[in-house]
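So this first bit is one chain, no partners, the form predicted alone, shown in structure tokens.
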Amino acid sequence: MEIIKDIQNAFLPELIIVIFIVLNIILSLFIRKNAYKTAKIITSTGLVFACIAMFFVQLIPEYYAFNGVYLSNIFTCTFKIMLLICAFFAVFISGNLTGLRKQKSFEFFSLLLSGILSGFSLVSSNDFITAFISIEILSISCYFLTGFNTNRKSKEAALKYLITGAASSAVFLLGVSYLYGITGSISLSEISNIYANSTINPLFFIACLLILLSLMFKIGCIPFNNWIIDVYEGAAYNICAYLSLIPKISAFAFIINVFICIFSFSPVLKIISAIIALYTIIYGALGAIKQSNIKRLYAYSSIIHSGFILFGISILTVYSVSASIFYIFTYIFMNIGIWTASIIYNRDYKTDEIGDYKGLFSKRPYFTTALTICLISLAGLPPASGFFAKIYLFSSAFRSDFIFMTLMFAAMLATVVSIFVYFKIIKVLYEKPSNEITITKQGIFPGIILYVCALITLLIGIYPNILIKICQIVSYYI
């Protein structure tokens, strides 16, 4: 049967995740207490099987499943692997949160897997309806995970997230309805074929602009970026790490597809997108400087890096898109590293203030060194991977039009400002301690994850060529 062939060639990893979501839900009905370790093992097993299933899907030539609405190729496989890496990290740094709420552990991991499933679907979406459903399922997962903590700030953050998400969804649907009205199709491939041989009209531009603005919500760019600060401050550290990667990576994959299939016909849209990216970088850098709360600073950091990735996508060349993919891959490890370090520290001191990290190096030199490597990478300094990610991105702007080169110089100035943001934390780490510093509840998995992320960040910075070549190959097969 055709549907079995489609599942085997394009949907097999997703099917495995669906099975383990159902398994978690069933077990939640019968196992209520002291089972968070069991839930973690089951979820990890599901992710391993999904990873193995990636080797059985069809990549070359690309495969269109379910009447062309679902795509499988090297590009989609690469982003799904990134999502699986993030999922493994999210599972193993969530022990503290699920341990505190043992009766909700199966529900927690079901929500986490639902987010991965919808992220996979969004990466492979070849039409706007599939993309919209994927975005909404992913959003619902994020809303519940944001409010998973028991405090008032967590519930308030979830409500704000829900309201802003509903507004962006409405804008997205409005843009899609306009696009359907003038093309008679919601398929990315069909719309691309229609405008390959015809001129665009003003309504097409308005529709694409609405879609672009709504997608800015998911990646945390202007104008839909204020939710990030409130949500990160209210959510648990584990959830912040999840929110900073899973929704963004999925959304960036879909944005790349939309840019190539539709937005590429309008140079004005690319320029608007690049300007949005530049303003996002500047906004994030200036907003982060005055922060004393570590979670709020990391929220602004997330905004900064979303701007950089979007800037590379906006240039829309093979070189720039590969630079953005390289940036996303390196960002995974340095971002997980800083959040994991904060999780470890917060377990003992229950503090979100940067000043409370004072003198950490004197008591935990290895821990502090690993955190410093991740912070240096986020700042874009050698020899960490973040340095080459920015160099690769800026070099792609040099190879493009004059207007992108002009915007790039402004982005470079914002990069200099952002360096002071991260050194604000590094400086505190190496100062003389004003109180006794101890970290006694580190836990084996968060500690291992921190050191692994720091090591990978350093290795990619020293040997970036292999990953760069892989990203270039991936960008050729979009």
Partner chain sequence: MIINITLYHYLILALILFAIGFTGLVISKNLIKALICIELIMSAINLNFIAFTSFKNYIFLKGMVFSLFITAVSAVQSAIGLVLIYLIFKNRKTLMSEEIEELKG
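Residue numbers count along the first chain shown, from 1. Since the model is a prediction, treat every value here as computed from it, not as a measurement.
Below, we turn to the form predicted together with the partner chain, even though it does not appear here.
The stretch from 370-378, 186-194, 246-254, 351-359 that comes within 4.5 Å of the partner chain in the model of the complex, counting heavy atoms only, is 186-194. Put simply, Ser177 is close to the partner chain in the model of the complex: some heavy atom of it is within 4.5 Å. Looking at Glu156, you'd find a heavy atom of it within 4.5 angstroms of the partner chain in the model of the complex. Gly181 belongs to the set of residues with a heavy atom inside 4.5 Å of the partner chain in the model of the complex. Among residues of the shown chain, Ile133 is one whose heavy atoms approach the partner chain to within 4.5 Å in the model of the complex. With the partner removed from view, the residue among Leu162, Met408, Ile85, Cys261 that has a non-hydrogen atom within 4.5 Å of the partner chain in the model of the complex turns out to be Leu162.
Taking Val171, Ile332, Cys77, Leu316 one by one, only a single residue has any non-hydrogen atom within 4.5 Å of the partner chain in the model of the complex, and it is Val171.
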